[in-house]
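First, one chain by itself in structure tokens, the form predicted alone.
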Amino acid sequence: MNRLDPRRDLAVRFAFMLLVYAAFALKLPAYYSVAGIASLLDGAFLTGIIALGVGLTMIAGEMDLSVGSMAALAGIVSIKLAAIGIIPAICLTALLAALVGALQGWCIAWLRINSLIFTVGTLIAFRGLALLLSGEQTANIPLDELESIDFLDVHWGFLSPLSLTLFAVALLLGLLATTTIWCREIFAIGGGRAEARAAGVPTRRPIVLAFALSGGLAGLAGAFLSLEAGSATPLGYEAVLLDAVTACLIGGVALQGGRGSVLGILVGLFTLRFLVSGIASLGAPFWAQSLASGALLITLILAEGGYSAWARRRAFSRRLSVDGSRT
């Protein structure tokens, strides 16, 4: 459906997100309270930040599977850098992660390695490096520095540093994606690598950029959450990749690349977040949350596939009618 009319597709997905929110808000008064909205926004931070980065690699026709391990590694690094200051530690960790992500992109682009295979390797390697740096133990901020992280837990109404960072990153990426040539190249190569190359679009630079942003955002998420909690585990964030990819697909990002938007990823993120949080708040077991997420994703994929098939059939019928009238 989004191949024919991206704006209408996004509007339908946005309406569906509101429908999911309204369905649970009718049963759960906390869903529309200030504290409840703040909890929903804070809970969307990790998946949202990582989904924005993974979504860019998907739009480029690639996939970064290493983001969970990158976030865990960044958490360990940020705890060790906490002595230089919380904000500098977050920024420096995200920058280092972006450089590592750019190196991944360079290897994939210049050596023409399948990104799925390459990032499976780095997924394992980053996890091993996190275990090595942490001594296979949870890393903690020294007790005398705990006061320095208190500002990460403050709230202004339903907003917090977590939710503000999520919206700021989404706004920045949205502007970059719509106003800069480098980010538009990510969409161009995802829509057709050979056609983009024939049109003079460089194919290596957007891949390096997409993986740099994906790595940097995974590093930002891991560092931010670890410093906010005051500790980091080397085995953390193992399931975040699946949630991030699910949010992207619900938001209309195509696995084959070339289609998707930052706003769509946010819509997919909050649709998933409203559903999972609502089911959990109703006291359902964890398997019910996983089952509902999978059912939602499958339903949307089937609906999209069914609409595309109907649109193709309709276009074919119109062509037959036109040809028949000419003869």
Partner chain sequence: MAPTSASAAGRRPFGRGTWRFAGLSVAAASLLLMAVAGLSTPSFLTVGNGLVIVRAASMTGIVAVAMSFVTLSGNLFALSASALGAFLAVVFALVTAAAGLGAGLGAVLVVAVAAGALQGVAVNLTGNPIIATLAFGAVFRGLASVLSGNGVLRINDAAATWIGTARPLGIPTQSWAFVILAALAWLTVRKTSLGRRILLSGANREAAVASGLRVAAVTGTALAILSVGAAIVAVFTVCQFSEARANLFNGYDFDYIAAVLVGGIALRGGQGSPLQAALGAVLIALLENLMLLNGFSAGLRMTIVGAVVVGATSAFHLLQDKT
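Positions refer to the first chain, counted from 1. Everything numeric here is computed off the predicted structure, so don't read it as measured data.
A second form of this protein, the form predicted together with the partner chain, is not displayed here; the remarks below concern that form.
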Query raised in the report: If you check in the predicted complex, is Leu65 within 4.5 Å of the partner chain, heavy atoms only?
Result: yes
Query raised in the report: With a 4.5 Å heavy atom cut-off, would you call Ile113 a contact of the partner chain in the predicted complex?
Result: yes
Query raised in the report: Do Leu26 and the partner chain share at least one heavy atom pair within 4.5 Å in the predicted complex?
Result: no
Report task. Verify the contact flag for Arg205: yes if a non-hydrogen atom of it lies within 4.5 Å of a non-hydrogen atom of the partner chain in the predicted complex, no if not. Result -> no
Query raised in the report: Has each of Gly61, Ala125 and Leu255 got a heavy atom lying within 4.5 angstroms of the partner chain in the predicted complex?
Result: yes
Report task. Have a look at Val100, Leu249, Ala94, Leu173 for me and say which one sits with a heavy atom within 4.5 Å of the partner chain in the predicted complex. Result -> Leu249
Query raised in the report: Heavy atom within 4.5 Å of the partner chain in the predicted complex: which of Lys80, His155, Arg184, Arg193?
Result: Arg193
Query raised in the report: Hey, of 84-92, 128-136, 211-219, 142-150, which bit sits against the partner chain in the predicted complex at 4.5 Å between non-hydrogen atoms?
Result: 128-136
Requested in this report: At a 4.5 angstroms cut-off on non-hydrogen atoms, which residues of 277-311 are near the partner chain in the predicted complex? List them in order.
Outcome: Phe286, Trp287, Ser290, Leu291, Gly294, Ala295, Leu297, Ile298, Ile301, Leu302, Gly305, Gly306, Ala309
Query raised in the report: Ala11 to Leu300, Cα distance in the predicted complex relative to here: closer or farther, by 3 Å or more?
Result: farther
Report summary line: Per the comparison in the predicted complex, the Glu238 and Gly294 C-alpha atoms (change 3 Å or more) are positioned closer
